[in-house]
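Only one chain is included here, represented as structure tokens and corresponding to the form predicted on its own.
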Amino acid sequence: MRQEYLNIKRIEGPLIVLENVDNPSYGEIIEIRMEDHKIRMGKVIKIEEKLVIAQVFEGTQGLSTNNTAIKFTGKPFELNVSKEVLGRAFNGVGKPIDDGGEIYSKHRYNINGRPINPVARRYPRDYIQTGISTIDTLMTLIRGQKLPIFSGNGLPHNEIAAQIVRQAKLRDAENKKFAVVFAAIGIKNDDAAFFKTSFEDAGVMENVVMFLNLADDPIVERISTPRCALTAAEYLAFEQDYDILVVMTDITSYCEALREISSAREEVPSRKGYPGYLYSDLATLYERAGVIHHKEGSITFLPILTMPNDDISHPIPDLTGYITEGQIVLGRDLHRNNLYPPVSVLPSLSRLMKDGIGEGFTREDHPDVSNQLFATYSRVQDVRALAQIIGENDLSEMDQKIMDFGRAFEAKFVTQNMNEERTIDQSIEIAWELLRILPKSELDRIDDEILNKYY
């Protein structure tokens, strides 16, 4: 029989400190019974000689150092999962918040996941259509990929996340099982209401699993929210053969919570006060995505993070870039000009798109069109810089056509309505319409055969 401990040595923020505990385990879940007999859950996060430090998921407000019973369960944090999680909404620690009742299942999984053996990984191929032209054409999301969105405070990343959840589709969707796991970390109540309403109005809620951690929830819950979401994704993908898209916002809130907990544990800080293990901690999340040999399902990960002060060299986007396979960058200058979605094309890329597009996947002309759009839009920036010096009227005839292309590209290709869904075919046709502004001789990134066929 497991012992109960009736005294807490001290309480420090979201942490409690116990002493003289027999055989505690790192990551073990504890049950905390308060004076009013309410139960809170906690997790052992540090064992130091005779001291045990645990974080309390519901916060330590109202806890007393006396008359509080602590029971060690001998188990890690586990989540009940079944197909019934589809269409449901949960809080940051996996408890239902939609009045739909508890999830009862014989399947309970450790939220820290089951590491994928690198040898068992299959190379990601095929694409997921988001319905957004810039993403689908220029930085295509590949099934099984980790592709973060780098945003900033005040930019419409929540709107883009909701649009992707509503519109995401697989090729041959009628023959495959596809679902979305959506996790929101540290969001405001009105943002949570926006996401719920958006998915319900679009009629996609039955195919979405939601995990919502609100800004006024205890800080400790934010550490568990992404892990609960990824555990549900792993079950659906690798046990139920679903292709799962995980959309997660905002990873920066998760890292801030990690920093706060690390500070409470009195750990030595690293860059900008974040713990030295931030890289490996983020890797334990990102590397849970992928495709496995002999498994029909897959996990594609689209994390969203806000860059403090729009600094792409900040530790969070910097370390994320090392682990993931590209990035989609949102531009504040585009947002100021009322362009939606404000996807900044030139610093964005998808490192895996070359193996998931083209003939047999999207269209034979897709790779060449993508390369030409990148090259020409890059040239637009050079011509705009020149025009600021000498004036647009003094530009050469070709440079003026390049300027026309740049304006049309941002107005017709980059810009689209928040509820507008474009197929990849439609996006590529718009691209050809723009490329026809320029003479054939300027389109040097497109194969002659394809140029003659589509120009």
Partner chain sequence: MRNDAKVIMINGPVVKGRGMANFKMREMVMVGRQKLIGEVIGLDGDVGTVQVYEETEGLMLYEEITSTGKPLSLKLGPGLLKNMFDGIERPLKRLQELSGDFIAEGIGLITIDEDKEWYVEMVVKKGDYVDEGYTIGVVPETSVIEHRIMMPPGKNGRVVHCVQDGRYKLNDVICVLETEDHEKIEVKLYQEWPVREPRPILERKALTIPLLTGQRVLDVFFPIAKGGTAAIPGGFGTGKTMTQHQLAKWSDADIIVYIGCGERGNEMTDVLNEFPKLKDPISGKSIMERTVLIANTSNMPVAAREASIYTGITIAEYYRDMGYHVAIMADSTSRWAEALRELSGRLEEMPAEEGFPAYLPSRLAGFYERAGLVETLCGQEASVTIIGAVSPAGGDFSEPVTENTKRYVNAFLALDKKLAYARHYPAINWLDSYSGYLKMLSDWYSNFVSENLMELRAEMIKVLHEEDKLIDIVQLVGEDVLPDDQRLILEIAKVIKVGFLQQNAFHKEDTYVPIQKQHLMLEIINYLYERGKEAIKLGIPISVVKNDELYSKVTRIKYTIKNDNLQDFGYLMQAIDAFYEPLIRKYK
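Residue numbers count along the first chain shown, from 1. Not measured: the values here are computed from a predicted model. If you superpose the two forms and keep the largest set of C-alpha atoms that fall within 1.5 Å, you have the rigid core.
A second form of this protein, the form predicted together with the partner chain, is not displayed here; the remarks below concern that form.
Enquirer: Are 58, 109 and 132 jointly within 4.5 Å of the partner chain in the predicted complex, each by at least one heavy atom?
Expert: Checked in the predicted complex: no contact with the partner chain for any of the three.
Enquirer: Out of 374-382, 356-364, 218-226, 200-208, where are the residues with a heavy atom within 4.5 Å of the partner chain in the predicted complex?
Expert: Stretch with heavy atoms near the partner: 374-382.
Enquirer: Does the 4.5 Å heavy atom contact test between residue 121 and the partner chain in the predicted complex come out positive?
Expert: Close contact exists here: in the predicted complex, residue 121 approaches the partner chain to within 4.5 Å, heavy atoms only.
Enquirer: Since only the chain is shown here, I'm wondering whether residue 16 would be in contact with the partner chain in the predicted complex (any heavy atom pair within 4.5 Å).
Expert: Residue 16 lies outside the contact set for the partner chain.
Enquirer: Does residue 156 reach the partner chain in the predicted complex, with heavy atoms at most 4.5 Å apart?
Expert: No, residue 156 stays farther than 4.5 Å from the partner chain in the predicted complex.
Enquirer: Quick check on residue 418: any heavy atom within 4.5 Å of the partner chain in the predicted complex?
Expert: No.
Enquirer: Of these, 327, 163, 252, 140, which has a heavy atom no more than 4.5 Å from the partner chain in the predicted complex?
Expert: Residue within 4.5 Å of the partner: 327.
Enquirer: Are there residues in 347-368 with a heavy atom within 4.5 Å of the partner chain in the predicted complex, and which are they, in order?
Expert: The stretch touches the partner through 347, 348, 349, 351, 352, 354, 355.
Enquirer: After a core superposition, would you say residue 367 shifts its C-alpha by at least 2 Å between the shown form and the other one?
Expert: The answer is yes; the displacement is at least 2 Å.
Enquirer: Align on the rigid core first; then say whether the Cα of residue 443 has moved by at least 2 Å between the shown form and the other one.
Expert: For residue 443, whose C-alpha is compared between the shown form and the other one after core superposition, the shift is 2 Å or more.
Enquirer: Using a rigid core alignment, state whether the CA of residue 278 is displaced by 2 Å or more between the shown form and the other one.
Expert: No, residue 278 moves less than 2 Å.
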